[in-house]
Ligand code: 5GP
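Given next, in structure tokens, is a single chain: the form predicted on its own.
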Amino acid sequence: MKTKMTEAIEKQINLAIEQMLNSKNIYIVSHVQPDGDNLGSILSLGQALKSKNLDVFMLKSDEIPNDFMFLPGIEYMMDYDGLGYVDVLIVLDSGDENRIGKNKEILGKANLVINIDHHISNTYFGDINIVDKDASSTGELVFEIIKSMGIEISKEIGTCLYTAISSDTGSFMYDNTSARTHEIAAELLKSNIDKSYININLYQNRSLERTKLFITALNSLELYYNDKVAIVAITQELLEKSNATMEDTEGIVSFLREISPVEVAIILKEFHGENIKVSMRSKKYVDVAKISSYFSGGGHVRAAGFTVNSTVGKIKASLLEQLKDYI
């Protein structure tokens, strides 16, 4: 299967493979609030490198959501504390250094940093940067790396890669899905993965707490600009009322985008200490990555976000002000 990657990216992949195969140890780090693409990419690459008898450590930067506890190899995820010398550090699915949270300090300890990502806002912070904004997911890039190393896609690796790609393409519905994405998915299906098992865990496993939060959140839905902008705020009070956690907000913003007149869907997540995380999705023409960049965030044209110290009311007003020229 011929790759559609550019020569520049192929060169970076070859450089990364050379460094990894000759490393004393390899650390692969997650980002904060890890999602399916992030965890699926880490676990697939980690297990592939382990098959080469390399010393590989997979680090978590945050708690792992229950949604992804079904992934093979998830038990390998650990904290960095006390692990010592870092020869090669691989950062996956992170647009900048701050995305890896508490593990940012390891960047300065590593002999070499490999940055693998598909976000258009990536700052190219690695010594080797495998960054392709046209890739559907980081999982798609990891697939290319594993294949370039001549490593067989096992059922376990295939399960993690399929999860990475499916979750970041909205089950192959989003605009970032390409012909290459489907080619890779087809090859992963040949590795004897249980597609039904993966889809049930990803898309048909909503807890009662998440369901209650979903219903309560929709009751607070606000629409602006002739119903083209939909906003939901998840406050700490709302979480307590539903006996839910912030992890249970997964899927709400995508649901908002599916409302017929809505072009931009926004979810505001209130953490403690006036820390607001904003996730944005658009449908046809609004570049939410550009809007997010105004708030020092980033992402993709149709999916982006940022974190800011503010209040729900203030950030909502600022977002609406930014959006008025687009809608």
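Numbers for residues come from their place in the sequence shown, where the first is 1. It should be emphasised that the depicted structure is a prediction, and the values quoted were computed from it without experimental measurement.
Another form, the form predicted together with the ligand, is not on view; read the next lines as being about it.
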Indicate whether Thr307 is a 4.5 Å heavy atom neighbour of the ligand in the predicted complex. yes
Residue-level question: is Ala303 within 4.5 Å of the ligand in the predicted complex, judged on heavy atoms? yes
With the partner left out of view, is Gly298 within 4.5 angstroms of the ligand in the predicted complex by any non-hydrogen atom? yes
Would Lys277 count as touching the ligand in the predicted complex under a 4.5 Å heavy atom rule? yes
Okay, which stretch from 189 to 197, 92 to 100, 209 to 217, 158 to 166 lines the ligand in the predicted complex, with non-hydrogen atoms inside 4.5 Å? 92 to 100
